[in-house]
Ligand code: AMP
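What follows is a single chain, given as structure tokens, in the form predicted on its own.
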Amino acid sequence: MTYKKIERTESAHDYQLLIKQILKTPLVHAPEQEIVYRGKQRFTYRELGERINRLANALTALGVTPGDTVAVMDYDSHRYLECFFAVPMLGAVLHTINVRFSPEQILYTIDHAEDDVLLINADFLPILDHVKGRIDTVKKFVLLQDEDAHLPRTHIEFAGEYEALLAAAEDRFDFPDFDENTRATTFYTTGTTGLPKGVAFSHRQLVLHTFGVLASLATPAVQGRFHREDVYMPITPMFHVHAWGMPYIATMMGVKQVYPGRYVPEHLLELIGSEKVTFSHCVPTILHMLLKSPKVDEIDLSNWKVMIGGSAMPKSLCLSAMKRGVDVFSAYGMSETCPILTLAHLQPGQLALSAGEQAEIRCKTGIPIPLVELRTVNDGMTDVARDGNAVGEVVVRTPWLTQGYLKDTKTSEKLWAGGYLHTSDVAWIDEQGYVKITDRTKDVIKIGGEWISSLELEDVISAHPAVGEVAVIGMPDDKWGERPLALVVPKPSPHGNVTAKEIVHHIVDYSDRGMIGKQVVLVKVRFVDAIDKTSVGKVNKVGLREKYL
């Protein structure tokens, strides 16, 4: 069989999907729109374009050439946004360093990524002091510093300070065209065991992810919609999967953007109120902190839309947010998927449902966005029934998936076994196409040969009024193989002083009503002061198993 190709004339332009294309539209159609940093500094999109050009010139003067790697250690800032564009537009690679890694892990990622230039916020200089003299690849350091920041003593010799370098550089730069499959970004996964794994994405992948997510977010008439009149503020670190790719989307749309710097709940709430923020994204832990802040009663959250990812959103948290008028809904993806694969938008008829019924849908993993092929399969890669009951591993294909881990062929082959990317997440898909993650393959609790979802049990326990946080892990049991261990952080009085027996009775009540399996009555409850988290706010179940079993 012969497929017919489009004939291309020699004079036709070979249009490449490059990150620089994302920047063109807002510079033409929204040049005076604002970009705000910490509520203290304001730039227009026109100034953003000029600063990106200046940064490109400054990096070139430092010796950065196509193929080099430029690393960044910073809070969520306008500087980070400028790096999101300038570095890959040069043909270089942007390495977004996870500043919550340990110093040894940061050293490993710097060397593994072969960073040539490192831009570092003054607050993070003590991290590098722990590994001084052991950074082999970095040739130049650039200081990032806010006007009110204190510069600690350091052994590092800087090639310059960021703002001074930009001020001395030209505000025009001719960004080249090159192959859209050129690597644009690198970052490292936040696994709880072993060394961090490097994940890379090309210009083409980032552009297609931008369009795919935008198409899905712009589709709803009201609920969960991201549109041109919104005000965007990320509450997901920009080092973590490009802040879920949302800064690229927000920039292409030309919306007002607010970058908060450090995550301090009271300051975040102040910015939501003063800058009229209408769209954000974060992990459940951050939303919980914001809703529990004493300042929350001073802020009108009724125009705020929040996309929740990173881990499952408890129904109780969803209902708490909805009571304050927050349009909250789940998203799903992982570091290896760029990241967004699904969004939990409500269908038009579902907006008339009760708050409890809506929360059930908003807490689901969601419906695959355009260009995402998502399956739930058994061990033989055969699809399980889409009946809202049968569970299988989630495997996916879409144009923006990482093609493998950097310098790790063996693990990459395992990731892509059978031609699909394996997420290691267990889920079901219902008749309407909604996906619901029920657990990680390694976190499923096997009681007497049957699988019990730790996430579903956590959702039930978190509904108890005296429970602040909960994590469920499997503990060995001679009779049943495993049984659930619920680690519970109680709320302070007057809701506190709850007993383990009361928690178990609460679970039994859900079981008696058929809302969760009978096997969960084998749960053991243990009260703890805090739930250990990973560097991006996810519950660290590997660490919890090591700590409590």
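Fair warning: this is a prediction, and the values are worked out from it, not measured in the lab. Residue numbers here begin at 1 and follow the sequence given.
There is another form of the same protein, the form predicted together with the named molecule; it is not shown, and what comes next is about it.
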{"item": "4.5 angstroms heavy atom contact with the named molecule in the predicted bound form for Met334", "value": "yes"}
{"item": "Interface membership of Arg375, the named molecule in the predicted bound form, 4.5 Å heavy atom rule", "value": "no"}
{"item": "Close approach of Val255 to the named molecule in the predicted bound form, 4.5 Å, heavy atom", "value": "no"}
{"item": "Interface membership of His242, the named molecule in the predicted bound form, 4.5 Å heavy atom rule", "value": "no"}
{"item": "Contacting member of Asp230, Asp74, Asp115, Asp425, with respect to the named molecule in the predicted bound form [4.5 Å, heavy atom]", "value": "Asp425"}
{"item": "Contacting member of Thr210, Ser280, Thr251, Thr365, with respect to the named molecule in the predicted bound form [4.5 Å, heavy atom]", "value": "Thr365"}
{"item": "Location of the named molecule contact in the predicted bound form, chosen stretch of 100-108, 377-385, 311-319, 266-274 [non-hydrogen atom, 4.5 Å]", "value": "311-319"}
{"item": "Residues within stretch 252-279 having a non-hydrogen atom within 4.5 Å of the named molecule in the predicted bound form", "value": "none"}
